[in-house]
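Before any questions on how it binds or moves, here is one chain, the form predicted alone, in structure tokens.
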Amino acid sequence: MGKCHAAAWNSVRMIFGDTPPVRLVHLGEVNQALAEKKASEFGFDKASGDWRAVIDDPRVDVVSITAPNAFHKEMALAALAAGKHVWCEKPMATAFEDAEAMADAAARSGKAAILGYNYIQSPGVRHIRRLLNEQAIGEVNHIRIEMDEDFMADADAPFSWRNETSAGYGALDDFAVHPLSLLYNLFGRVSHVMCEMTKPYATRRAADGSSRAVETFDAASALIRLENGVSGTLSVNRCAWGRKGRIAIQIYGSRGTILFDQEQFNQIQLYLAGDRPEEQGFRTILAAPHHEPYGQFVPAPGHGLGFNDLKTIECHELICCINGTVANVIDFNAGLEIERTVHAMAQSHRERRWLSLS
């Protein structure tokens, strides 16, 4: 993600043309040698083996936090206290109290503080929001959303930091935050949840060859109700063989349906019940220049954007935040609502009951 952020900072002015020049001033890594290597590759002026040196550097205006989840709170609080704007990767933190502290610090600082939920920047997702605002499919009555990948699907894979409780709950805060960011962006807050978390593999091989108990949950399913009254389901799985980057959302309305899958995020599927019966069916809408900001990257329809392009869009939205203009972001306040939902889901699993987020 550090490389992804650096690529976005390097390309944002070239792509959008309306931002000030960006300088990559200072890169921090776990040791000096790696920091110097990456600074040279990414185009940073200076490298340090201590992240605190980056925050202490008076030339730095914005800090990208792309470290593992457990470091987010300390780094974000330090950056905000030093008067820096913050672009922090998701999730906010591994504990809800830490996320609250981050949101409070951002509010007190007056600085821009956003989270790395770049999937909301997809031109397809933006067009879905437009269709919903125009009520193209009528009143939405049900939503299903899933996120699946297979990077932990191998039962023989060794025990890693992602299997430890210090990393969080597992699929919920590592994964579910992304589909929840889409729900928040498209529909608003979740009001009620009931969730179950599961461990596809109870143990994994430790470094010494012994068997070690898996402490986190690699799959979770939840019933949800949104604040606007719409019902839905959410399902996430880090052990889903064959799934590489799937975030699939199905939106059902009184006059149609919208389908979207992040693995094919340059297209959406739209069904309109108002079509003549002879032509009724799902139509494929390919991303094109009239789906903003696709045209900033490619002048022709159907050619497609990529993951890093979404990060460049997110970088541009952050700059809009810094400049005080309207921006499409998940800031720390919105991020706190996502964290609240995740922790409520985990509590629901423990207590085996519906929970209200009010």
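Definition used throughout: the rigid core is the maximal C-alpha set that superposes within 1.5 Å between two forms. Being a predicted model, the structure only gives us computed values, none of them experimental. So that there is no doubt, residue numbering starts at 1 and follows the sequence shown.
The same protein also exists as the form predicted together with a further copy of the same chain; that form is not shown, yet it is the one meant from here on.
Interface residue among Phe265, Tyr169, Tyr184, Tyr117 relative to a further copy of the same chain in the model of the complex, by the heavy atom within 4.5 Å criterion: Phe265.
Note on the partner interface in the model of the complex: the residue among Lys90, His127, His85, Arg162 having a heavy atom within 4.5 angstroms of a further copy of the same chain is His127. Mapping the unseen interface onto this chain, Arg108 falls outside it, with no heavy atom inside 4.5 Å of a further copy of the same chain in the model of the complex.
Taking the partner from elsewhere, His303 is found to have a heavy atom lying within 4.5 Å of a further copy of the same chain in the model of the complex. With a 4.5 Å cutoff on heavy atoms, Leu259 counts as touching a further copy of the same chain in the model of the complex. Taking non-hydrogen atoms only, Asp309 approaches a further copy of the same chain to within 4.5 angstroms in the model of the complex. Here the chain stands by itself, but in the model of the complex one stretch of 72-80, 204-212, 282-290, 97-105, 282-290, has heavy atoms within 4.5 Å of a further copy of the same chain. In the model of the complex, the residues of 118-150 lying within 4.5 Å of a further copy of the same chain by at least one heavy atom are, in order, Tyr119, His127, Arg130, Leu131, Glu134, Asn141, His142, Arg144, Glu146, Asp148, Glu149, Asp150.
After superposition on the rigid core, the Cα atom of Arg162 is displaced by 2 Å or more between this form and the one not shown.
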